[in-house]
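Form predicted on its own, single chain, as structure tokens, below.
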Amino acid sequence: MKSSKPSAQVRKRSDVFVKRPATRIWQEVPSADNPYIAAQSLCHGYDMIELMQKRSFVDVLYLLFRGELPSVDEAKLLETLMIGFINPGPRHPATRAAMNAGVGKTDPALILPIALTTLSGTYNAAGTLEASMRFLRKQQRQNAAEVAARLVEENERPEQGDWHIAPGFGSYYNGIDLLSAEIAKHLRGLPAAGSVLHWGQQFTQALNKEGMGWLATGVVAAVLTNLGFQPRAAAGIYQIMSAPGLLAHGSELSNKPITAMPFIDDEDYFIEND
């Protein structure tokens, strides 16, 4: 018996696919004996062995994404940022995910991916980085205090939880994130600190009276915007910054018994009835 449903029309795709992938980032010079083995690697034209001998990790990270080596001041700004946010801290959900994975005897190779998956979210996490950079790019030519006043007027404060008035800016546990504000202050004092960081400071000063300010993601977004990174790369770069701290916390718990982490008491569970 034939189906009464009309058959879906099959359309041939007109896309023309390349024969092989291409990249401007990396060149591998094959071995004379085996074309599958690289005898030399170049990053944007720079020999990797020479980079190993003469440059820092931060220099090469910048080179990978920007296609050129940073100046001394640019490298200092990026390195200082990465140190400032090397660890989200044990209050952050991503760190708690790493700790739970470690104490739960998860395969050590999976501790960091689990933590980074949590860090990819949108609550003061990497998932807001692209939006934060685009916000800063769009608004930095406007008066920061006026932008803050407009956003406060146009948006209603939530009855519960934090108020994130813009990506990368808002309250943190219903208060101002003091550490992120201090890191931003230190970064603004460096020679390569640009206009975006200073605009962010004016913006947060206007938000302070509402109990809001810099979030970690806003500081990172401001610096990456200053340095010319693309918004779509920002989330991954933030994950790279935070990865050492996440892994350290997970590894610390991996050799401890499961009792090293708290277990929620029955009375703390809440099941909502329909």
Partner chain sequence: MINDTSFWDQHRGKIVSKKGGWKIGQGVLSHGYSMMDDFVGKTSYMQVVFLNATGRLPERRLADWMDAIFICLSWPDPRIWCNQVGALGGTTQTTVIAATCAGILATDARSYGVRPLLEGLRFIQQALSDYHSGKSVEEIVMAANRVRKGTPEIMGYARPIAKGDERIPAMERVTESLGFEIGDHLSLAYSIEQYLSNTYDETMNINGYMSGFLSDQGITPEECYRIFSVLVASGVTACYVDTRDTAPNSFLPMQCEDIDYQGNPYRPVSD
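For clarity, a rigid core is taken as the largest C-alpha set superposing within 1.5 Å between two forms. Residue numbers count along the first chain shown, from 1. The structure presented is a predicted model; accordingly, all values stated were derived computationally and were not measured.
Although not depicted, the form predicted in complex with its partner chain is the subject of the following passage.
Although the partner is absent here, residue 162 is a contact residue: one of its heavy atoms lies within 4.5 angstroms of its partner chain in the predicted bound form. In the predicted bound form, its partner chain lies farther than 4.5 Å from every heavy atom of residue 32.
Interface membership of residue 264, defined by any non-hydrogen atom within 4.5 Å of its partner chain in the predicted bound form, is confirmed. Though the partner is left out of this view, residue 27 does reach within 4.5 Å of its partner chain in the predicted bound form, counting heavy atoms only. Distance criterion of 4.5 Å from any heavy atom to its partner chain in the predicted bound form singles out 38 from the list 243, 38, 64, 233. Stretch-level contact check against its partner chain in the predicted bound form with heavy atoms at 4.5 Å: of 139-147, 103-111, 181-189, 77-85, the positive one is 103-111. Contacts between stretch 82-96 and its partner chain, counted in the predicted bound form as any heavy atom lying within 4.5 Å, involve no residue at all. For residue 23, the Cα coordinates differ by under 2 angstroms between the shown form and the other one after the core has been superposed.
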